[in-house]
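Only one chain is shown below, in structure tokens, and it's the form predicted on its own.
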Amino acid sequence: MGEPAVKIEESKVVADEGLNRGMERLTPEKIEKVIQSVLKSETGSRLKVYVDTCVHCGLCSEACHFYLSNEKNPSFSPAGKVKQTLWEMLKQKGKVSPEFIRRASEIASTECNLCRRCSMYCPFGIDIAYLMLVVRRICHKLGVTPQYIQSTAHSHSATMNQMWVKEDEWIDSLMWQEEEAREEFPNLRIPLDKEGADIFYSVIAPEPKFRAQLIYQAAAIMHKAGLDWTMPSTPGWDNSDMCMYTGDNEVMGRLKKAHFESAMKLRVKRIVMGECGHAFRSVYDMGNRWLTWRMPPVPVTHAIEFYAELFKAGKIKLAKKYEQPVTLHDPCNIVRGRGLHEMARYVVNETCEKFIEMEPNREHNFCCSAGGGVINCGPPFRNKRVEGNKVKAEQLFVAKSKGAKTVIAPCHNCHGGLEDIIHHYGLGMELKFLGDIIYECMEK
């Protein structure tokens, strides 16, 4: 605690209205009051143990893609990021400047993906993602959050989904996808508000907005598997949650409450989620606990678990296997956060002719650099995000050199991050969801 903070090298200041205007409204008195309030009323023994236990050994550094990709600059190391932000707030007892808060928000929101890879290599298991979330929480309460992700949080608050999708637009999207799918499967239905169904299928808002074909594919898989399922027509259908990543815990709680209540109102047996990592984290690990539920009130199944279950039960038959050699990206929130790495490999091996492992893999895999809300901070930080993950590009390049042509990424944010990396570094690889592969290869 008494050691000086890591010296920050002068970096290019990124123009961001959310950070700049938020900083301009701050006063020293407000900053100190908010920091002390969060530290005293919202943290406890967990924070104290982490702060008191860290011996600044630096073993976490080699685990961080930002550190490795920025020429091992110590200011990008996990411990370095904590020393520049939370440790300084504690050391100064909240007496820090508006400029400090702006920089702390930028570090916590755009230079850390909360991927928890560093925690695996810390000899004490310190959860640095938690410490960065405390910093984001303080910055949120001070009104200093990157503009793009704050706009998404506003959408969540106003519409209960992250893409400003209106209720009639949501229903229209489902009817449209049902109509499209019925040309291929004449008896297919996307059941709305069916009480007592076995499965409540939920998605993230970018699906009806930008990737409606994924709803089509999910409906096709449900139909061919002969499952009893439904989707809700009312708010609560979007399982995503950027408020979890801005530090707006109050709206995070509202979102998860709406999601669970939609499922409970229909008296379904379980929630099956589409291929999204951060949404799973919010439903299974954070939003439910903010609502004081140790575990979700309705059982939650991620798409990977669901697909594995279908294949093991023989409910999906394949007409062929996917011929192009594939590699698999392990998303942080469903691998380190849930342990679904072997299930993912089971599904890949069931559906693909040739599987080439990325190195390292499973829980040791590097983050896509898009998760943790970082990609949602928008265009101002795109180059920092992509250039801050050269190690991911190197992983992909090695897999490609072994013959992999397709990258399977069972997570929406991972798709966004990997798409940018593949384009930026000229890797020329194709990206697929597991659902893409299953739909393409199953008997129709």
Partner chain sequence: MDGSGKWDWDIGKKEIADINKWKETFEWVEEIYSSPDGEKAAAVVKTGEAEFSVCENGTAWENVFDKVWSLRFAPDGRLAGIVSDTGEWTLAVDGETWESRFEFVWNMQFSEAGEGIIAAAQSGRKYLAVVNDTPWENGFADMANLTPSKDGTGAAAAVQTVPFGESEIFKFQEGCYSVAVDGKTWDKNFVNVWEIAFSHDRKHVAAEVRTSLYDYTIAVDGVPWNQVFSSVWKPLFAPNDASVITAPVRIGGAWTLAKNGQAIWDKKFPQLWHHAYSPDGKKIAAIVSPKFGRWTVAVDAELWKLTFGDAVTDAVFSPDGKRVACCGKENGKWTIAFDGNVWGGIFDMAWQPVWSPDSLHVAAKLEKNRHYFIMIDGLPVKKGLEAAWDPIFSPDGKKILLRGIEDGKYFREVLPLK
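Positions refer to the first chain, counted from 1. Please read all numbers here as calculations on a predicted model, not as lab measurements.
If you look for the form predicted together with the partner chain, you will not find it shown, but the lines that follow are about it.
Determine which one of 79-87, 353-361, 291-299, 104-112 lies within 4.5 Å of the partner chain in the predicted bound form, judging by heavy atom distances; exactly one does.
Result for this chain: 291-299.
Could you tell me which one of 345, 95, 224, 194 places a heavy atom within 4.5 Å of the partner chain in the predicted bound form?
Spelling it out, the residue with a heavy atom inside the cut-off is 194.
Heavy atom within 4.5 Å of the partner chain in the predicted bound form - residue from 120, 175, 313, 319
Exactly one residue meets the criterion: 175.
Taking the partner chain as it sits in the predicted bound form, is residue 213 in contact with it (heavy atom to heavy atom, 4.5 Å or less)?
Flag for residue 213 set to no.
Taking any heavy atom pair closer than or equal to 4.5 Å as contact, tell me whether residue 423 reaches the partner chain in the predicted bound form.
Taking the distances in the predicted bound form, the answer for residue 423 is no, it never comes within 4.5 Å of the partner chain.
Looking in the predicted bound form, any heavy atom of residue 272 within 4.5 Å of the partner chain?
Residue 272: no contact with the partner chain in the predicted bound form.
Spell out, yes or no, whether the shortest heavy atom distance between residue 336 and the partner chain in the predicted bound form is within 4.5 Å.
Residue 336: no, not in contact with the partner chain in the predicted bound form.
Interface residues of 141-160 toward the partner chain, as seen in the predicted bound form [heavy atoms, 4.5 Å]:
Heavy-atom contacts to the partner chain in the predicted bound form: 141, 142, 143, 147, 150, 151, 154, 157, 158, 159, 160.
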